[in-house]
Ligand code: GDP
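For reference, the chain that follows is the form predicted alone, supplied as structure tokens.
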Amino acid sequence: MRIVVLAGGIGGARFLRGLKAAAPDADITVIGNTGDDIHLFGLKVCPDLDTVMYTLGGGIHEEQGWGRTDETFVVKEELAAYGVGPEWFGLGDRDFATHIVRTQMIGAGYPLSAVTEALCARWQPGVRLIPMTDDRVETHVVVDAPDDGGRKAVHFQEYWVRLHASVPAHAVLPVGADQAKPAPGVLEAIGEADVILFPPSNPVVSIGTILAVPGIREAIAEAGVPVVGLSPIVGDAPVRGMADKVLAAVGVEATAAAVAEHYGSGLLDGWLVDTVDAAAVPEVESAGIRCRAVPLLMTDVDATAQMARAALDLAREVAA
């Protein structure tokens, strides 16, 4: 079975770990979000790609869900001593090495997709990890500018890490996405897939940014295979993160049914909601999307594997 998964950071990475346990013989291709990418200290940092790579490769800080295990922060402390910022973004020493290698390879002319493949040769994640594009795309969030009473756009990482999503988001802008092209292998993987999955990643700044790259949404809609998603909203609230804040910015309610309708029946064939949201099943199905209610909390690998099996079962049901 050939499975394509669109993935953001922590939620996508943890779902993939369960999917691998549920379908150990499957050929899994992951299309990773690069809208969270940021340039810091002269280095290209790819948080979502690295979170997938570290999680599946056994190097992730499990409690945080991001960054490296057994991390130290000597370089960050030394930079701060020189007055070099930003101090709000915590790159660890082990993590720095990944970004140095990536930046050197890009500087030597290698595209991000080739660099990601090279980095994965060390970590052996057990999936094929492809960035959504080799082109530069950065998600920016429009927030209030208290100093002049207007508004300003800040990088998503500043909105999430520095501001902790504590201020209203008025718009979400995938800057550069409209000019980007899918990375080599992305459209081919979609065209050859037997099933396409949307994990419980952020529907706006993770999966939404991937779909903003011209050609990807269209390829998924025309693939002719089941497309099944899992709701990141449980009981009218995100399981983690700030999905409710950015959903509001694009005019979507933070409910399992509203997110399904946001993707739309032209894209989704099936949708899983948590058992606490079982009442939403008829609403989703009335929108033309097959829906089932199952437990959706990724408490451990076994629970996540059960979620993945439910998604694959729904895909088979849709295809029948």
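We number the residues from 1 along the sequence you see. As the structure is a computational prediction, the values presented were derived from the model and not from experiment.
A second form of this protein, the form predicted together with the named molecule, is not displayed here; the remarks below concern that form.
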{"item": "Interface stretch in the predicted bound form with the named molecule - options 179-187, 230-238, 88-96, 131-139, non-hydrogen atom within 4.5 Å", "value": "230-238"}
{"item": "Interface membership of A243, the named molecule in the predicted bound form, 4.5 Å heavy atom rule", "value": "yes"}
{"item": "I10, heavy atom within 4.5 angstroms of the named molecule in the predicted bound form", "value": "yes"}
{"item": "L16, heavy atom within 4.5 angstroms of the named molecule in the predicted bound form", "value": "no"}
{"item": "Contact test in the predicted bound form: T209 vs the named molecule, heavy atoms, 4.5 Å", "value": "no"}
{"item": "Any residue of 273-297 that, in the predicted bound form, places a heavy atom within 4.5 Å of the named molecule", "value": "L296, L297"}
